[in-house]
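Only one chain is included here, represented as structure tokens and corresponding to the form predicted alone.
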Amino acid sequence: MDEKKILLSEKEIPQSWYNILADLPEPLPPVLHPATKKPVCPDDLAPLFPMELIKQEVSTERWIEIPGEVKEVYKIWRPTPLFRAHRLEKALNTPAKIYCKWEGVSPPGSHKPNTAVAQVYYNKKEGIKRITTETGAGQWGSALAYAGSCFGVGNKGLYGKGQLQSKTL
């Protein structure tokens, strides 16, 4: 019988993020500054983002190393279990093997901490003490609050107007 689920070991967690920009046939058009309509430069982004994230945003390197501290947090729920969708394959009458990721194993219950953990990590390295977000469904807020707790950045959730608003302090 074919395997129903695939569980990888912690040793199989990726060591680098893949940057698709390295493999595009031509560079994407530059992001334009809303006020000047000229291409944004790192100085325009610096008030909003840590420099390491800005460097990654403009990098054309194919692989960007994941910091050890981020990989340690990832080990809490990653690698994400994969489940083979045998019945879907049969219903589609396809020779393809279809797999579904189960993101419910992450503490906030979605894929969002995969990026939130790295964003909080880089912000904390640059001395940022508070990160605030507003979210409609709550998954991003929960992921950001979780990431804040992983790196010693305080957090609290605020409810208002029927939506979860998460504030990481």
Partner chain sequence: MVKVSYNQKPYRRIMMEVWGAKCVPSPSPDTESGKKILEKDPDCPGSLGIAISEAVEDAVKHNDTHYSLGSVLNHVLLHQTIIGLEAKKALEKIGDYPDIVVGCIGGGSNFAGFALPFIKDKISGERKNLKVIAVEPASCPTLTKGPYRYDFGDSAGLTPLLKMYTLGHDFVPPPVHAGGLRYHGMAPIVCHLYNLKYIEARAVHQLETFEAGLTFAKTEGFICAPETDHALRVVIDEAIKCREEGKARTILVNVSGHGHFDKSAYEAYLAGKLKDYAYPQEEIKKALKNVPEVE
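Positions refer to the first chain, counted from 1. Being a predicted model, the structure only gives us computed values, none of them experimental. In this text, the rigid core denotes the largest set of C-alpha atoms whose superposition between the two forms falls within 1.5 Å.
One more form of this protein, predicted together with the partner chain, exists but is not displayed; see below.
Using a 4.5 Å cutoff between non-hydrogen atoms, T132 counts as a contact of the partner chain in the predicted complex. For I76, no non-hydrogen atom is located within 4.5 Å of the partner chain in the predicted complex, even though that partner is not displayed.
Under a 4.5 angstroms non-hydrogen atom cutoff, the partner chain in the predicted complex has P30 among its neighbouring residues. The partner chain is not drawn, but in the predicted complex it has a heavy atom within 4.5 Å of P34. Residues from 86 to 109 that approach the partner chain in the predicted complex with a non-hydrogen atom closer than or equal to 4.5 Å are H86, R87, L88, A91, L92, N93, T94, P95, A96, K97, I98, Y99, C100, K101, W102, E103, G104, P107, P108, G109, in the order they occur in the chain. Here L82 does not count as shifted, since its C-alpha moves by less than 2 Å between this form and the one not shown after the core is aligned.
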